[in-house]
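As a starting point, one isolated chain is supplied in structure tokens, in the form predicted on its own.
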């Protein structure tokens, strides 16, 4: 198989003055992951590298630059999945880690579990020697100001973050990547700082298998982004893969899942998809979605 990769940097009403930073961040991540694949690295290696690139980029809502919760702290979620044996690792509501996706991979490879959360996830990270960082390292002035503004309001609805007509907060996006390596393995990874002013301990769709992320090398890999609660109700990533298993092509499966998300649970978001034949696609019902990728012919593309 010829390797390929697709990444996303969130689905929302991305304003024009942020298009360049989103294009640059997504393209860099796709290039980093593709470089791993071209050198013979695995799809798991590639999606981890791609997502780590975006976790370091404060353009996005993952790692450095994550949203603050209601207590003014950063809590992050991430997952990574190997489509050959369906193994996965996930962390949720974790603090003091710059690269939650790497911690998720360690959960997959070094424990008998699939998910660790909160203080337990942090203790595991320290037990294997993973570097930890201060809250200040993950915090940006922009997110502190956003949190302070939200706190001054009498009410705040998560829906506003994805509704172009009501948006006031210029949210950033969850990040994700799906890749296929030279052996035909598909892997997917997703990482997020969640939503602004979320309750402490809130966990969204991103670290939940089948919701924010899924990979099965026999059919497809998917990473999702958007309003987490409706996406959990729709089990959207697994829905896309199941539709491909039933005979839809990647684009049809993505479009069907997003249509269901909106009609059934009034959700907003997007998905990136890579099927077993190396076809790359994306679908969303938000005004814009940041996407970049490199197909099996080595051709690069970007969407905003």
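These figures come from a predicted structure and were not determined experimentally. Numbering follows the first chain given and starts at 1.
One more form of this protein exists, namely the form predicted together with a small molecule; it is left out here, but the text below deals with it.
Quiz item: Looking at the partner-bound form in the model of the complex, is residue 225 within 4.5 Å of the small molecule by any heavy atom?
Solution: Residue 225: yes, in contact with the small molecule in the model of the complex.
Quiz item: Does residue 192 make contact with the small molecule in the model of the complex, using a 4.5 Å heavy atom cut-off?
Solution: Residue-level check for residue 192: yes, a contact with the small molecule.
Quiz prompt | Proximity of residue 204 to the small molecule in the model of the complex, heavy atoms at 4.5 Å | solution = Yes - in the model of the complex, heavy atoms of residue 204 and the small molecule come within 4.5 Å of each other.
Exercise. Please check if residue 79 has a heavy atom lying within 4.5 Å of any heavy atom of the small molecule in the model of the complex.
Key: It does not: once the small molecule is placed as it appears in the model of the complex, residue 79 has no heavy atom within 4.5 Å of it.
Practice problem: Considering the small molecule in the model of the complex, find the one stretch among 192 to 200, 129 to 137, 79 to 87, 106 to 114 with heavy atoms no farther than 4.5 Å from it. | Solution: Single hit among the candidates: 192 to 200.
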